[in-house]
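A lone chain, given as structure tokens: the form predicted on its own.
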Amino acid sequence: MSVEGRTTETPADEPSARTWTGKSRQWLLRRLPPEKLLPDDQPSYVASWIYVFGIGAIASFVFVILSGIVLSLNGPLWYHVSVLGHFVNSTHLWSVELFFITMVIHLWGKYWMAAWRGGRALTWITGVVSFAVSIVAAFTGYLLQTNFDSQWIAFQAKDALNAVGIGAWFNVADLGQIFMWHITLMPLAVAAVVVLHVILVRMHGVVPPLDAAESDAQLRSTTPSLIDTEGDAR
């Protein structure tokens, strides 16, 4: 297939691969071609505030990770007694609060838009799962304040966790265990679900508004069609 004097090869043109690497490449290119993974254009209905809060949650999550790395490298003593430590600790808290505010607005906004339409059920599910995992991550963060607030939270939660049978596995009174949960396991879990969520959004496209079902905005391609380009060339 040629476009403006260049020859391009699509996954459909390739012979069937025999190795697992070739099959994986063809599978990925069929479901997530480069123009979907890194688009340079979006449908017109994306120019709305309701579509801002998803990227707002991702941006605040980046600040949560960066400030958390600084806090974990210096330890509790630093962010309790140092002026700079206080500021970084506060930045971490503000980023978490902004993350949850934007995520909740994004979640409810997509709920009322019925964002599971058009084969996007898994996209919606991963968004809900990321919210649930983030709650656990925030809970472990409150336990790491190493003050009377965190002590009160830990021992109020201890009996509830013991009652459901996970107190020995998830011991909120063990600061070392909670520290590892908060700085390693939970951020990895949240990041993995968020990355999967973004990939699914790229695969299926941004969900259109309910009243855009028959509009030109929904049918507008994010990149110029190869067929149209060939037709113009001819």
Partner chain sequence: MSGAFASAVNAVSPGIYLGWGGFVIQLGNLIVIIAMLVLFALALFLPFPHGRRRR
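Numbering follows the first chain given and starts at 1. What you see is a predicted model; the values in this text were computed from it and never measured.
Form predicted together with the partner chain: not shown, discussed below.
In terms of contact with the partner chain in the predicted complex, the residue from 50, 185, 191, 69 that brings a heavy atom within 4.5 Å is 50. Using a 4.5 angstroms limit between non-hydrogen atoms, residue 35 is distant from the partner chain in the predicted complex.
For the chain shown alone, residue 81 is a contact residue for the partner chain in the predicted complex, at least one non-hydrogen atom being within 4.5 angstroms. Using a 4.5 Å cutoff between non-hydrogen atoms, residue 26 does not count as a contact of the partner chain in the predicted complex.
In the predicted complex, residue 73 stays away from the partner chain, with no heavy atom inside 4.5 Å. Residues of 102-134 placing a heavy atom within 4.5 Å of the partner chain in the predicted complex, in sequence order: 104, 105, 108, 109, 112.
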